[in-house]
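So this first bit is one chain, no partners, the form predicted on its own, shown in structure tokens.
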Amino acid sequence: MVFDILQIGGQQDILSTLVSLIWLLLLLSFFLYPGFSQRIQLSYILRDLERKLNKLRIIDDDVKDRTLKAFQEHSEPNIDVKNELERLVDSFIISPESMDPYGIVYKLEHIVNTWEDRFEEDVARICSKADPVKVKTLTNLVEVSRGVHFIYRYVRHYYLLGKRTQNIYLVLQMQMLMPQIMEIAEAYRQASYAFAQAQPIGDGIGALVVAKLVHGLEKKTYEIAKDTIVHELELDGRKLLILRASGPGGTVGRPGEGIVKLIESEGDRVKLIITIDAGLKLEGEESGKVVEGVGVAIGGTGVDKFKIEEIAKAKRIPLYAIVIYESITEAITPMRESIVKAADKIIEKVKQLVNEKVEKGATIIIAGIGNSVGIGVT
């Protein structure tokens, strides 16, 4: 019995010695041959990127399949929807030359408007059974599919490039960005559900606010620019020109062009411009929080913002902005309850601004900025 115990103890000593020796050799290899440890780290990072790339591919395929089904529901049987959709998803837009920046805004506007018109025409041709409102929403759905597909191609490119060149610094940067990239990709996936079902999204809070503001009031409604309408009404002795994307199709309209036309027609009677839009919140901040500021609250390419700022400066019209805090995910997915509840707070703030900043008899332009999908005209 004693001999057996000693024998087992001796075996355990030998085993622990071997393990210690192996660890020592590994540590020496790490210190004496830095490339060895780097190759191990590179291999681990590449496996991690490969797993995430596979998840991105699944998201890409999921969004593409949902878009394909939506298109097939509104297309004729003789249309090769799959090939047509792939052509739209792979299409691109080239920004204007910026070496000489003079006049670049209007060049960009021309290219973007041409792109949007052509894209919408292609969707209408493929989905010939869809009405104009549905065509706009389907166009947004394709844009979501394009966004996800670009993210997948982008990550795949750097994964394969890092794997081929064995560049650890390249793949390390990619690995650090992957949590944010995966969050955006998942947000796009949820956005595809919203556009497929024509549900209001968080970015549409500006359009929702002005729709609620004019609800039940006597007003004159007309189109001022492509996919952009104006509600004209009197409130507390002041003339309100309330502008928004037409809806309920998925569009943001052309608010810059619309506001310029309104100011040109109203002249010096316009005493205030208020823009209402969603704003990106920081981590730890409350979704649906309403904040006020000065300037033009509008995203996009910058063309609309430039036009509004230019004419406001020329006419010396104050620019006020109201922003609703949202995350990237909340902006492009179905509108959350906390964001919907913010609409009533904004309406009160708008009325307060109108009464405090503008005298009776003047004209105020209020622009509800955002995508009007699922938000109709009342």
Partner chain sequence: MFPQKPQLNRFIQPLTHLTCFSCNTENSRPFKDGDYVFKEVEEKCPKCGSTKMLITGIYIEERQLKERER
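Note that the coordinates shown come from a computational prediction; the quantities given were computed from them, not determined experimentally. Residue numbers count along the first chain shown, from 1.
Quick note: we don't show the form predicted together with the partner chain, though the next part is all about it.
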{"query": "Residue 211, heavy atom within 4.5 angstroms of the partner chain in the predicted bound form", "finding": "yes"}
{"query": "Partner proximity in the predicted bound form: residue 310 to the partner chain, non-hydrogen atom cutoff 4.5 Å", "finding": "no"}
{"query": "Residue 54: touches the partner chain in the predicted bound form, heavy atom cutoff 4.5 angstroms", "finding": "yes"}
{"query": "Contact test in the predicted bound form: residue 323 vs the partner chain, heavy atoms, 4.5 Å", "finding": "no"}
{"query": "Segment assignment from 135-143, 190-198, 101-109, 301-309: heavy atom within 4.5 Å of the partner chain in the predicted bound form", "finding": "190-198"}
{"query": "The single option of 59, 45, 328, 317 touching the partner chain in the predicted bound form, heavy atom within 4.5 Å", "finding": "59"}
{"query": "The unique member of 257, 232, 186, 86 whose heavy atoms fall within 4.5 Å of the partner chain in the predicted bound form", "finding": "186"}
{"query": "Residues in 125-141 close to the partner chain in the predicted bound form, defined by a heavy atom within 4.5 Å, in order", "finding": "none"}
